[in-house]
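Encoded as structure tokens, the following chain is the form predicted alone, with no partner shown.
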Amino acid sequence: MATKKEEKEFEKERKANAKARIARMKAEGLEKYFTPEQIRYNRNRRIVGAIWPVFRFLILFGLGFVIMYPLMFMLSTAFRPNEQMSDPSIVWLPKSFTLDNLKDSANIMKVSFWDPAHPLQNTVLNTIVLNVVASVLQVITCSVTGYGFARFKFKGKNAFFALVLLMIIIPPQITTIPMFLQYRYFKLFGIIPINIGGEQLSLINSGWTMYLPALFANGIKAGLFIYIFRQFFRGLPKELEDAAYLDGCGPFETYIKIMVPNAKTSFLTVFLFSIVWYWNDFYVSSSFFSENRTMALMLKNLDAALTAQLFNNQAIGARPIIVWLESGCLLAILPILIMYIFLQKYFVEGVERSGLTGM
């Protein structure tokens, strides 16, 4: 399977050869043998070749502005003293820079360096533990499920895959209340109650509310991940499995030794997607957590926390506290941004090869 870079190089070479062939025919005086359709086609190609770069620049510039403007505004505001927000002479670059906004937001969001005495009070560490464990479990279970849909035939396969597609379509708001009741009054296999200290076991405010769905391929965006793995495994040659079976490997051993090494890019893509979605999730987290802190929840409640801690619950508008809000946003996206900077090469390659571009 050719990468997008290889396809672009091939298309560029093809166009260069076509131009050289036409130029050679003109130089040899053979243009008079062109048919009217060829002449019209060459003229249209020249027109499109002249207009398309301009049109492409306008599209990319517009998209770049839409994407970069919030980031530029966040960086401009996060390091700006609060009193300069009311200065009409300042547009992008503040007259002076300060780190006090970041310090205040970090203290309120409980974002600090490693504290051996209270490790779980660090919001970043707590979020990383929840995200990594849930993402690893989800990658494993979704890959096995996708492999089963791609390579095995069993009764009810189409009906089960329809349920996977429904997992993509149905919003989480529909399933949150039943899941909350299941975790609040937890029963083993849904039928055996577990009592601890005379009370029925509750998993609310526990990481198990994230781990259990991921363990059964039902975590955040799990339907999409199953679909990605299914598409990728369907694209692998059947001869790989046949050769493994001839060597005495069973289905599970074939999956571990043959399929997993060939699907490394898909595993990385799904893992990064899962990390980002778990990191930014606040709806599911706010439904199951009232004490457990995550970056998304702390950022969601940052406005109220700033009003309470910095302004003593006084009624104020959004503009006086916008510098702290933008600082909180910067703190929230910084770990994901750093991860993407170091893994962007593998991420882009994984998207190209993972099945997102077709079967």
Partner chain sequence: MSEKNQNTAAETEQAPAVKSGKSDDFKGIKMSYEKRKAMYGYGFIALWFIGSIYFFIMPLVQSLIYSFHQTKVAEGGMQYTSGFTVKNYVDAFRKDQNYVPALTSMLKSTFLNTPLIIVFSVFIAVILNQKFKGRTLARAIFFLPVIIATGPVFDIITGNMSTGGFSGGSDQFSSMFETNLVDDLLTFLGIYNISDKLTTVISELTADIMNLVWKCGIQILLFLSALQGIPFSAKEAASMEGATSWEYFWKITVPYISPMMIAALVYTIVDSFIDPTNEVMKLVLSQSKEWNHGYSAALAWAYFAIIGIVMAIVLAIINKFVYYEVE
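Residue numbers count along the first chain shown, from 1. Every value quoted in this text rests on a predicted model; they were computed, and no experiment measured them. Whichever C-alpha set is largest while still superposing within 1.5 Å between the two forms counts as the rigid core.
The same protein also exists as the form predicted together with its partner chain; that form is not shown, yet it is the one meant from here on.
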Subject >> Candidate from 47, 308, 54, 66 lying within 4.5 Å of its partner chain in the model of the complex - any heavy atom >> reply: 66
**OP:** With its partner chain left out of view, choose which of 271, 79, 289, 245 has a non-hydrogen atom within 4.5 angstroms of it in the model of the complex.
**Re:** 245
**OP:** Please check if residue 127 has a heavy atom lying within 4.5 Å of any heavy atom of its partner chain in the model of the complex.
**Re:** no
Subject >> residue 337, heavy atom within 4.5 angstroms of its partner chain in the model of the complex >> reply: yes
Original post:
Is the gap between residue 148 and its partner chain in the model of the complex 4.5 Å or less for some heavy atom pair?
Top reply: yes
Subject >> Touches its partner chain in the model of the complex: residue 99 (any heavy atom, 4.5 Å) >> reply: no
Subject >> Interface stretch in the model of the complex with its partner chain - options 167-175, 127-135, 260-268, 99-107, non-hydrogen atom within 4.5 Å >> reply: 167-175
Original post:
Can you name the residues of 205-221 that have a heavy atom within 4.5 Å of its partner chain in the model of the complex?
Top reply: 212, 213, 215, 216, 217, 218, 221
Original post:
Does residue 304 show a Cα shift reaching 2 Å between this form and the one not shown after rigid-core superposition?
Top reply: no
Original post:
Cα of residue 68 displaced 2 Å or more between this form and the one not shown, core superposed?
Top reply: no
